[in-house]
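The chain below stands alone and is given as structure tokens, in the form predicted alone.
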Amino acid sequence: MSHTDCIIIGSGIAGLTTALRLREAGFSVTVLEREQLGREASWAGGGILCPLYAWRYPEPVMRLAAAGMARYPSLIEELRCKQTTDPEFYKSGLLIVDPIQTPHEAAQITAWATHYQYPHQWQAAEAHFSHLPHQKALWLPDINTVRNPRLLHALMAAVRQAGVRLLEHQPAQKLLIQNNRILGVQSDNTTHSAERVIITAGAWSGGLVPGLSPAQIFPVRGQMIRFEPAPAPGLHTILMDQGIYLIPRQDGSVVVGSTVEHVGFDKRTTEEAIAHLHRKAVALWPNLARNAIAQQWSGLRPSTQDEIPYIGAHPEIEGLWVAAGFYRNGLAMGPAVAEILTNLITGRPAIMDLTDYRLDRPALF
């Protein structure tokens, strides 16, 4: 049996940043990962640090994402000071070709951008890309991206430097609970004891949290492709239309995503999805027609019934905390989630009201 102050189940952006913050607060920390470290939803996404069509989400989603986005510059600087992998964080901007679906949506977008202080401009799409139709597009110049696999590598290096214990291929089989208090985690044939357990296990969280069910946190598959670098001039900003986005990388390659598929825990890629993404990508950026697909993959986003994540202390089990159900926005939310959890565990003041994210909100129990 091993003992630690805090066990974190899951090694995505929320789990790793929380591990780093708790270690800085003086706790010993062990991270348990069911498969390979840092290779689930946080790794599989596109790396856009803003909810897509953000004004269409429930307000708590954008509130949490905005808090996470505001913390990224300091997190990136912290990782750079530790001389870890460069996460390729940069301001790419985002052009949405089809932002308006209803007569009132332009006003909603303006209200959203004003409230969160995001500069925005209404422009003809062809002002940015001459091949696109002359239609009203939304230009968001201050949207940042990160190369998320590199970010996760940087975080893993940072938490190791800090003395966090990272254990992969250690699926949590069950929580050890006695008299409504957490005692630890059973993982295969190993017992890990701790007074504090934090579940950040993505789409697998629903099967671990007492009182929740797999139907309340469930996987939504997203398939992605990446093109080899295109001839100059390369894509210079994120380009989005009808839910499909093109993300430029600093090496000139272009990531394209993504599908939204309710297929359970099936992570296979399909020829139909790849063909669809390829067709849409070439229509949006014709230079890609001459480029090979370098990579294709899929990930399982952890969604909830109301699209709002669960964050906070378990209402019945002392020492158990949950942060799960971030759907497509976990990467943007991660740094704020880490601060929220650390403040809860250490008794520091909260950075926001967590009522909307509580586990025992009416939709659950």
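Since this is a predicted model, take the numbers as computed values, not measurements. Residue positions are given as counts along the sequence shown, with the first one as 1.
Note that the form predicted together with a small molecule isn't included here; everything after this is about it.
None of 312 to 320, 22 to 30, 56 to 64, 41 to 49 except one has non-hydrogen atoms within 4.5 angstroms of the small molecule in the model of the complex; the exception is 41 to 49. Residue contact with the small molecule in the model of the complex: residue 204 places a heavy atom within 4.5 Å of it.
The closest non-hydrogen atom of residue 222 lies within 4.5 Å of the small molecule in the model of the complex.
Among residues of the shown chain, residue 308 is not one whose heavy atoms approach the small molecule to within 4.5 Å in the model of the complex. Taking the partner from elsewhere, residue 302 is found to have a heavy atom lying within 4.5 Å of the small molecule in the model of the complex. Note on the partner interface in the model of the complex: the residue among 75, 140, 172, 235 having a heavy atom within 4.5 angstroms of the small molecule is 172.
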